[in-house]
Structure formats: C-alpha cells, structure tokens
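As structure tokens, one chain now follows by itself in the form predicted alone.
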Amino acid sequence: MIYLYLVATIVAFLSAKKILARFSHPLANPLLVSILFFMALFSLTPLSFNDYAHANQGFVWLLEPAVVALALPLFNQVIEIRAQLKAILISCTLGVVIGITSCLSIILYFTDDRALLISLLPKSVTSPIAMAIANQSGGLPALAAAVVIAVGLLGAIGGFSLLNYCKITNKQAQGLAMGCSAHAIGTAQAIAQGREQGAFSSLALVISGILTALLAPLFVSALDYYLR
C-alpha cells in the first residue's frame, strides 16, 4: 500500500508536465507544481510524509546515476568544450567562490548559527554533494537538500529570463551560468532550451560540484575563525 505513493509521484509529475506544456510562463514548471501539490496534500490530510519519503527512496538513489548520464550532452559538445576549457574553469571557479562568499555574507548579517551557515554553504550543487558536505562539516543534511531544491527551482523558473534580461544570449554562457548556480534542476531546464546550453550546463554542474567539495573545508575553517 505504501508504494502507491511512488505511483502518485510519477502520475502527479507527468500530469503536471502534460497540462503545463501549453503554457510558456516560467512558473509553469511541472516540478514546482508537483512539490506544491504534495505540500498541500500532506498539510490538509492525515497522510504520512514519512511513508511517502520511504516509498520514494528509489528516486534518491537515482540521483547519482542521473548526474552521470549528463555525460551524453557533454560528449556531443566535446570539441567546443575542449577549445574553451580554460575559460570554463575560470568562470566556474569564480562562480563557486562568489556564490559561496555572497551567500555566507548575507546570512551572517542575520545570524551566526554555525549549523545553518554550513547547511547553506553548498546551496548550488547537487543534493548528494550538498548533503555530504553539510553532514561532514556539522551542518544539517536535510536542510541542505531542501535549500538545494529551492535554489534549483528558482534557477529553473527565472534563470533564463534573468539572463535574457541582462542581454546574456550566448548559449554557452547561459549553460555555464545555469549549471553553476542551479545545479541539476537548472541543467534540466538548460537541456530543454537546447543541446548547447544543456552540454555546458552539465559541465558547469560537474565542475562546480567538485570545486565546492574541495573548497568547502576552507570556507568552514574561515567561518569557524570568524565565529570565535
């Protein structure tokens, strides 16, 4: 009976995707609508969220192979990527450093709660990496995962609109920006925009995840020194 939740997840997402396909508004995002649907469902009914989470554990396990599958669009753009690898690495490094620094700076204005700060530090990488960083550094893995999803949704909903508003129309630049800031959810939106955006977003997703994992201990040490 509990695994009916698994079926409900699939049906809700596919239904939202089909219904929203006729709309071009950024908020017409099937993932966002599905999340809101289940939030309302568990808020207004006695159904158990713990049972739902247990039934959908398989989707969590699929996160890692799903990231590996992003190698396909990378392969299709390997010549262009190789020609600009230096610029890509510099862009992603700056994106990660600025993203983490600006996030911590804003949060420190409101609170000095160490667990909260560390949980928000890996906000722009995939959930498995963010949860591992938070867990190993003394943060809250569940909060880190929730923030990652929220950031990804914001990027998927408004990322391309913001880039176009800022007159950033280069497909490669758009892909790098989405992958670096909105991780897998943003990359899915980039793939929907085009192969080139999807390939460069996938690359930025991987590079940013690695850089965040490598740089996180340095930021945690700096944060601990600041909070003394």
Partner chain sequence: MKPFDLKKVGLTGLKFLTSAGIILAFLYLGKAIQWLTSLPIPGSIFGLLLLFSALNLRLISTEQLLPSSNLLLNYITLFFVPVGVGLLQYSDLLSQYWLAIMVSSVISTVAVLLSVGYCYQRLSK
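Residue numbers count along the first chain shown, from 1. The model shown is predicted, which means the values in this text are computed figures rather than measured ones. So that the term is clear: the rigid core is the largest set of C-alpha atoms that superpose within 1.5 Å between two forms.
Beyond the structure shown, there is the form predicted in complex with the partner chain, which is absent from this document and is the topic of what follows.
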Looking at the partner-bound form in the predicted complex, is I35 within 4.5 Å of the partner chain by any heavy atom?
yes
For this session: Would you please decide whether L27 lies within 4.5 angstroms of the partner chain in the predicted complex, comparing each non-hydrogen atom pair?
Result: no
Q. Counting only non-hydrogen atoms and a 4.5 angstroms cut-off, does T45 reach the partner chain in the predicted complex?
A. no
**Message:** Although the partner isn't part of this model, could you tell me whether V220 comes within 4.5 Å of the partner chain in the predicted complex, counting any heavy atom of the residue?
**Reply:** no
Those residues of 162-179 with a non-hydrogen atom no more than 4.5 Å from the partner chain in the predicted complex are L162, L163, C166, K167, I168, T169, N170, Q172, A173, L176, A177, M178
Large Cα shift (2 Å or above) at S43 between the shown form and the other one, core-fitted:
yes
Margin query: How about C166 - superposed on the rigid core, does its CA move between the shown form and the other one by 2 Å or more?
Written below: no
>> Rigid core aligned, does the Cα position of N56 differ by 2 Å or more between the shown form and the other one?
In response: yes
